[in-house]
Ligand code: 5GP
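The form predicted on its own is given below as one chain in structure tokens.
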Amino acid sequence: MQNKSTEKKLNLDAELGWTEVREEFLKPCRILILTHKNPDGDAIGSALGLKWILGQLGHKVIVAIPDDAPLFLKWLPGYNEIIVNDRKPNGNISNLLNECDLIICADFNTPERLGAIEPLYRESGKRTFLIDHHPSEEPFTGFNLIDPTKGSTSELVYLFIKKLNFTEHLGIDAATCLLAGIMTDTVGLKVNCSYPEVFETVAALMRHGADKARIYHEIYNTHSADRMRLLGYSLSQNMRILPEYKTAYIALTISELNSYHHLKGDTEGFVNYPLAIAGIVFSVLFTEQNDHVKLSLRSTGDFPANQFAQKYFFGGGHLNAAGGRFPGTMKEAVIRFESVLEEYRELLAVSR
């Protein structure tokens, strides 16, 4: 595999390039898998799924992440072996980048998503490979497999190993991690999965030992009492509905989060609840951070949450699921949001 200066794109529906990739992955080497900051289930699931499969092929594989994942993902097989950069800033990652033969990037479309690891990655000069389902923003790997039509990177990982005829190396641990990634990015197979192939992948992973019922329970039914109270407060006290725009939003300050002993990942999924209201097609969750306001955006139908995030909030993502940020106060972020909704009034009016 070549370095980052000569990017090669792979296509699951074509044969070009796959022989070379298969031959490369049949040669045991030292592989470092990186995924994005604030890692979600798809980031961790795809990275660990790859780790287990490539380990079976004889590679020495290490997964590293910029910061820790939410508690509800830490039960996944292999999570305790992940290197978390903000626990040991940059020293370990720098050594791993120097020692590895290949870097695999999973579930992010720009090196900026690596946070503090980004400059080290850019200086590494190693062979690189990207697997992702987000629209590409900039070429930063030698090879890439990008398919925005897929609901998750974890699904792409399965299709990747299937294309390479490596499914015999897919054990129960890898299957569990990949199915967890699919389950989180599709919100329990409710969104981003309106095509039959995703269910074929789910069935295949279950045949390889993944326990769908247990995965769903661990991800969606193991919350703390504080998290449930925070959800109740968010919906009863902090949700604002703008019927003229078919929009609803929730805004949570640091003080409000702290009053419910907020832990990382506690607000995961909150943004989806307003979409259950009849007539609402666009939902946004604002959460105040130390130096900015984070936005999670969700939509239904053909309303482009990703375009909205990119145009106004330094973000991006998928058609119906995106993220963004605002470098100001919560009040300023909400004012900005409400002011730009008018530009989308007509599109929101016909969306459903």
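Residue numbers run from 1 along the displayed sequence. Predicted model, so just to flag it, every value in this text is computed and none were measured.
The next section is about a form of this same protein that is not shown, the form predicted together with the ligand.
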{"query": "Candidate spot I33, G49 and K51, all three touching the ligand in the predicted complex (heavy atom, 4.5 Å)", "finding": "no"}
{"query": "Contacting member of L57, A321, A69, A64, with respect to the ligand in the predicted complex [4.5 Å, heavy atom]", "finding": "A321"}
{"query": "Exercise: S283 in contact with the ligand in the predicted complex, heavy atom 4.5 Å", "finding": "no"}
{"query": "Contact label in the predicted complex: K163 to the ligand, heavy atom within 4.5 Å", "finding": "no"}
{"query": "R227, heavy atom within 4.5 angstroms of the ligand in the predicted complex", "finding": "no"}
{"query": "4.5 angstroms heavy atom contact with the ligand in the predicted complex for H208", "finding": "no"}
